[in-house]
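Encoded as structure tokens, the following chain is the form predicted on its own, with no partner shown.
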């Protein structure tokens, strides 16, 4: 088990598969997460991703004319879950770190916890805006952009912490990855500007890229070519999410800013049940994986969204 993912990616012997997990909902147990992960561990993933979710604001009636604003965390526990997975399965874990909902001090403390736990790989993300605002607003004293989060982590790698009075602080050794968008980030004006933002994150110290989901491999290959032309030479891991329900036809484009190919949409629309949709999604992803594997990608990354049965079928068919 290598300490840093980038060391594995530099000289891959073969294409491997990795999985992204959601922390359990508050009140659930970690056993629900293990139940989904257990069937996937036979495929020897080089790492497991664990997402981080910001707080949500909800409004609840307290009387006929009064509503109470409450902040809740629906999926807490990313740091603890990452440690639990690392030591239960003896696998590298890459937790998300996000800007949204966190001050720089809170971010630093979380990174210190991860460093103490021997978790040295991070996926640095801006994170989603609050559902109620639809516009990303940084926490007072927090970061507005993922590149600022990358810079904070790189400062810690140099022994530079927020407390300027600290002397001879021990440097951390985090390897940082960032997100890439083959079809551009939904908020970017165009692909060219989105590539510029990505280059800034790499120049700040990020060492690998995991892409947003895509359903047309040509968009991934185009994205890789554009990255190389822009001077981005780090490994680029393709991210996949199989379609599993008819609702995904509208939800995935709306939530993630991706296009669904016409042939895939037609095949899903012909399905009479979500079980049939799931099979269509599996077959589509199998074809994607086979082509990506033929092109020698180092890892194929699956967004599991809390389920593993369809992912397992895909990996069994390809690997």
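Residue numbers count along the first chain shown, from 1. Since we're looking at a predicted model, the values are computed, not measured.
Heads up, the form predicted in complex with a small molecule isn't pictured, but that's what we're talking about next.
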- prompt: Does at least one non-hydrogen atom of residue 303 fall within 4.5 angstroms of the small molecule in the predicted bound form?
  reply: yes
task: Please check if residue 51 has a heavy atom lying within 4.5 Å of any heavy atom of the small molecule in the predicted bound form.
output: yes
query: Taking heavy atoms and a 4.5 Å cut-off, does residue 145 contact the small molecule in the predicted bound form?
result: yes
task: Classify residue 125 as contacting or not contacting the small molecule in the predicted bound form by the rule of any non-hydrogen atom within 4.5 angstroms, answering yes or no.
output: yes
query: Out of 156-164, 83-91, 175-183, 241-249, where are the residues with a heavy atom within 4.5 Å of the small molecule in the predicted bound form?
result: 175-183
message: Can you work out which of 230, 169, 188, 112 has a heavy atom no more than 4.5 Å from the small molecule in the predicted bound form?
response: 188
- prompt: From the list 79, 98, 224, 119, which entry has a heavy atom within 4.5 Å of the small molecule in the predicted bound form?
  reply: 98
query: Is it the case that 20, 197 and 210 all touch the small molecule in the predicted bound form, with a non-hydrogen atom of each within 4.5 angstroms?
result: yes
